[in-house]
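Below you'll find only one chain, the form predicted on its own, shown as structure tokens.
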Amino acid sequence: MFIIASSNGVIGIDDAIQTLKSGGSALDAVEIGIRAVEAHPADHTVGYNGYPDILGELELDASIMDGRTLKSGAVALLRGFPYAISVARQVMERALPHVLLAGAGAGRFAREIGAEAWQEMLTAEVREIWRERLMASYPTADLAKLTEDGPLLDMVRLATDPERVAGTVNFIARDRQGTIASGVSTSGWAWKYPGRIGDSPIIGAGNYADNRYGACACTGMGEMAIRAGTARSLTLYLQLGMPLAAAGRQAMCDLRDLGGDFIGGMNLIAMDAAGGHIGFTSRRGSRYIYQHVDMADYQMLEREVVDIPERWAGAPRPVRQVIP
């Protein structure tokens, strides 16, 4: 019984481990661990107090998957509910045949199931950061009129901040029954165009788990993981017989092969059916956490680096490479 998570999962790792120790399921551990991060105001990439979209609205995305049954649930563009991962789990458990609910429908579902709602999801500090960012990038903007049907495309381009694009929390847990579960939650790309959805709520892109082979979860430039189907691809490479490290390298190379603009930093955590685990990153210094239930504390582990040159204004497509 153990857990791996992105480094910001330190806020919830103890709660998640205690859940496994007390007999809770892998799904329980993933949900509880992520909830702690979603409620943490100092993490501006997940849940409460995350960086908002270009209009100053906070929209949350999350997904969760059960590796035993391959059932999954997800929400996107959820407003006013801090624990997006819990709403996603209820989509999985109550809303079949649906997997993903978005926007007003996700909010209606959250209200119907009695999910905890918060009237204020942003602190004054984050609202001021949003205002300063827009004024610095677009000094002629009338912020009071942003909600009108005015042009936003140029504003989003100018406000784009590569250092604040990537931000998500993910957990993968294995319980005493050998079941694997994975989950991700995010507040999305800071200053994004309203309605943008990244990989976090997309099963097969940002999240995938299958007891027979393993699991993968992603953080970083979500558009890339959507285009490459990264979480499912890594799991499929395991299914095809690749060792975990080779499967992870191939998934990262798939991301590097993507053409076009806005190619940036990506991070993966992955687990195989035998209990092996690994992390990958395109940015040196990125780490992930691991803790077994018999350990007194978590370990912070280095991720293996696979370079993905960032391309923000167009660049030649790299030569495709396949890991032997």
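Quantities reported herein were computed from a predicted structural model and do not represent experimental measurements. Sequential numbering from 1, following the sequence displayed.
What follows is about the form predicted in complex with aspartic acid (ASP), which we do not show.
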### Task
Quick one: from Gly73, Gly214, Gly248, Gly220, grab the residue that has a heavy atom within 4.5 Å of aspartic acid (ASP) in the model of the complex.
Gly220
### Query
Between the options Gly204, Gly107, Pro82, Gly167, which residue brings a heavy atom to within 4.5 Å of aspartic acid (ASP) in the model of the complex?
Gly167
### Query
Counting only heavy atoms and a 4.5 Å cutoff, which of 171-179, 189-197, 227-235, 122-130 contacts aspartic acid (ASP) in the model of the complex?
189-197
